[in-house]
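Okay, here we've got a single chain as structure tokens, the form predicted on its own, with questions on binding and movement later.
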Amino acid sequence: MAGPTLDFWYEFASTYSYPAAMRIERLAAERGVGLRWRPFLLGPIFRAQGWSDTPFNVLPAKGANMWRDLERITAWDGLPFRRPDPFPQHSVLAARTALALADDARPAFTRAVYAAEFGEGKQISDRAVIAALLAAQGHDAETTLARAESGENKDRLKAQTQIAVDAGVYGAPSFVAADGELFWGNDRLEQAIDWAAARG
């Protein structure tokens, strides 16, 4: 990938990754920044810190404010929003599937998963839901899911999550520039793109 680049680390259960995924491609293209879409799992990172659940559930006030904040953000961005139940969604299948796709197919699939989850309230742990999203984008759903659920791809997702940890990622969405500079949160997306563009 020639020119400045930015790694976009996202977790499909992450609320703020939803608006980030829906706007990052346009913003990056405007600044000439190439993107690497990097799905990973937050669960192992949280467990390593002694957390058995998302902080948004552990701290009710924080969770309530997050949902209201997400309502404001999605309304501002013109995105549909429906709170998924349960929360957080079990995101392993979606992450494995995204990773099993070709790099150029991953962004559209990622957006489709977020739209289904946070726009329509669908269960992204449901194999039928993921299969329908794949088919809608012209993929052979059964072949892709078989590749996603292979031992090799499962190991690849574990390795991808470890790469995120090694880069200092502790939450989602996160953005890491080529020089290793880390930005966390949907509200830091523009800064991350500007940083990458200035140092490309």
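Just count from 1 along the sequence shown to find any residue number. Model, not experiment: these values are computed from the prediction.
Omitted from view is the form predicted in complex with a further copy of the same chain, to which the following refers.
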query: Exercise: R72 in contact with a further copy of the same chain in the predicted complex, heavy atom 4.5 Å; finding: yes
query: Contact label in the predicted complex: G168 to a further copy of the same chain, heavy atom within 4.5 Å; finding: yes
query: Exercise: R26 in contact with a further copy of the same chain in the predicted complex, heavy atom 4.5 Å; finding: no
query: L59 within 4.5 Å of a further copy of the same chain in the predicted complex, heavy atoms; finding: yes
query: Candidate spot F109, T144 and R147, all three touching a further copy of the same chain in the predicted complex (heavy atom, 4.5 Å); finding: no
query: Contact segment among 152-160, 62-70, 36-44, 130-138, judged by heavy atoms lying within 4.5 Å of a further copy of the same chain in the predicted complex; finding: 62-70
query: Partner contacts for 34-52, taking a further copy of the same chain in the predicted complex and a 4.5 Å heavy atom cut-off; finding: Q49, W51
